[in-house]
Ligand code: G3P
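Only one chain comes next, encoded as structure tokens, the form predicted alone.
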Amino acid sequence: MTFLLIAHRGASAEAPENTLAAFDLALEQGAKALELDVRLSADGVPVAIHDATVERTTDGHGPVAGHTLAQLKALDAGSWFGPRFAGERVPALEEVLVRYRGKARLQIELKSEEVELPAGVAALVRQHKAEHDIILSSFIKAQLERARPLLPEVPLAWLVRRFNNEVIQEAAEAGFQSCCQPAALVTAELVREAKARGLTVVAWGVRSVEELGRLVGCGAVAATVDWPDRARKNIERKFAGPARPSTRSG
């Protein structure tokens, strides 16, 4: 079985989230997929940052949408996490596409409701021929629906905070490829129902390796994790199987 571990905002337990340092570390730790949050700067450039404001993860103040790309690039996006990350910057989506295309699958979360966001992301994906390297996800159903005609070949993953048969039906009827829900809500029964409707199940909010193992047992195909190295080692142990006996004598 192949279970995809998606580094949530990079290796965000060990490096400042949504920075090149976090993404690089995730790849060093063996991650095959990276998740990042994308919003628009004041001048319409897609950038990787989670919050609507810059205070929590930079030394700046105010809304992301109130800063131009140049102003966002002037902020320190690493010192809040630790002194060795001082000088990390808010990356533009284009930097991420250029740096990791062909090296990792990118799950790009459309984080804000700006109607221009899907088009801005789609234009960069097309420009860098990254259509087969990405997944688009969002809690905002309308953003996925806006993205579909722009990137019809790209899988769409609907992020939800509840998981039941009604959600599965709604996701299937919308033509999405995946449902992404809190790990605690995933059950084998719901995974079977999702698969029957043509959906894959991806979990978020995984808190422990034990929970990760339960997700694998339920039939989920992927999960976002803040600690890809620990998660990878746990998954490898789970599927390694028993050691083969030695055939050497004496």
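Bear in mind that the values here come from a model prediction, so they are computed numbers and not experimental data. In case it trips you up, residue 1 is the first one in the sequence shown, and so on.
Below, we refer to the form predicted in complex with the ligand, which is not included among the displayed structures.
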- Query: Does any heavy atom of L159 come within 4.5 Å of a heavy atom of the ligand in the model of the complex?
  - Reply: yes
- If you check in the model of the complex, is E88 within 4.5 Å of the ligand, heavy atoms only? no
- Message: Does any part of W80 reach within 4.5 Å of the ligand in the model of the complex? Heavy atoms only, please.
- Response: no
- Query: Any of the heavy atoms of H50 lying within 4.5 Å of the ligand in the model of the complex?
  - Reply: yes
- Can you check 127-135, 105-113, 150-158, 164-172 and let me know which stretch has heavy atoms within 4.5 Å of the ligand in the model of the complex? 105-113
- Query: Out of 169-194, which residues reach within 4.5 Å of the ligand in the model of the complex, heavy atoms considered?
  - Reply: none
